[in-house]
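In the form predicted alone, a lone chain appears below as structure tokens.
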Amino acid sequence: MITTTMWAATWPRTAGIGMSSWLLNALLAGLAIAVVAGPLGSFVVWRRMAYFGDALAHASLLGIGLGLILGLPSGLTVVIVAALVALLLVALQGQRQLASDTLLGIISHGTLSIGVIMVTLVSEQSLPIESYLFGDILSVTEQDVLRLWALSIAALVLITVIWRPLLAATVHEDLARVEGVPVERVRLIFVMLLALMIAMAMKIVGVLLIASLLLIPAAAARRVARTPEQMAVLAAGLSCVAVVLGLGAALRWDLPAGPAVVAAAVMLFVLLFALTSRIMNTNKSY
């Protein structure tokens, strides 16, 4: 695994001729994830699906383990497993035997535990388990960057297409259904996009932190946005800022890059929360 120290050691040799290729690849890969995480994370916040996102993220490690065992590309198996788990969760939402948060917790921790066991047993000569849990953005290649941006652009186009019906179903599902919105189809597309985004972000921030990148910038943007569209754009912008700050902190202080990106997002949330709370208190008329 490429460490931040190894990465930083190459910086003086490349600073004179331009940005380090490792740094540029990491930055472009992080931005590709950030622009998709913004609008998808906004719907996660609106629909209160934080636990759903956690369950999908944890299930992605099971996809990695299956890929290693079967000798298939991990990206493919992660997408397949995440999509199957998403479909299972949607199908089980109407059951009454278990509360939804209990069911999500069982699936989330169960798939994570099985995935850790599989990866640990199979990947002795591969990346250590920490690379999957917390990401390894510094090992992103140019091919990874091209693939991520192609998927990000496709996802953004699809989000734009389903934006209005998905927003209507989020605000009032029954009313949207009466108005002719294909609620089930739109929900299915949305959870498939979530599964795709999680598979994309796995290498950037790791399976334990993917849901944080979805949730935190969107929660921060909600404090200041006045319309759903503003919130989605602002959430994407805050995600991009978090990527830049996190990578900068990782380079400067030799920190793990994935957790540093999430920590930067947390700091942005705290800052916006404090600023907006102060403005609201200042505007009080009593």
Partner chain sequence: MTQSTDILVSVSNVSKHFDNRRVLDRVDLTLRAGQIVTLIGPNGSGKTSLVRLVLGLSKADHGTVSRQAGLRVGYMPQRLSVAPILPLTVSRFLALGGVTDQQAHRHQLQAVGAAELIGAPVQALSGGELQRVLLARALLRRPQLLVLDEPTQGVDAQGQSSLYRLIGQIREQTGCGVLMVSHDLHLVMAATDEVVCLNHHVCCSGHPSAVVKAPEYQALFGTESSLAIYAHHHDHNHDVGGDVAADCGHRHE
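Predicted model, so just to flag it, every value in this text is computed and none were measured. Residue numbers count along the first chain shown, from 1.
The following text describes the form predicted in complex with its partner chain, which does not appear among the structures shown.
With its partner chain left out of view, the stretch that reaches within 4.5 Å of it through heavy atoms in the predicted bound form is, among 165-173, 76-84, 189-197, 98-106, 165-173. Although the partner is absent from this view, Val157 stays clear of its partner chain in the predicted bound form, with no non-hydrogen atom inside 4.5 angstroms.
When its partner chain is considered in the predicted bound form, Ala91 lies well away from it, no heavy atom lying within 4.5 Å.
Shown alone here, Glu179 lies within 4.5 Å of its partner chain in the predicted bound form, counting heavy atoms only. Interface membership of Tyr51, defined by any non-hydrogen atom within 4.5 Å of its partner chain in the predicted bound form, is ruled out. Checking Ala249, Val233, Ala225, Leu31 for any heavy atom within 4.5 Å of its partner chain in the predicted bound form turns up a single hit: Ala225. Interface residue among Leu255, Val35, Leu245, Ala219 relative to its partner chain in the predicted bound form, by the heavy atom within 4.5 Å criterion: Ala219. Contacts to its partner chain in the predicted bound form (heavy atom within 4.5 Å) from stretch 44-65: Val45, Trp46, Arg48.
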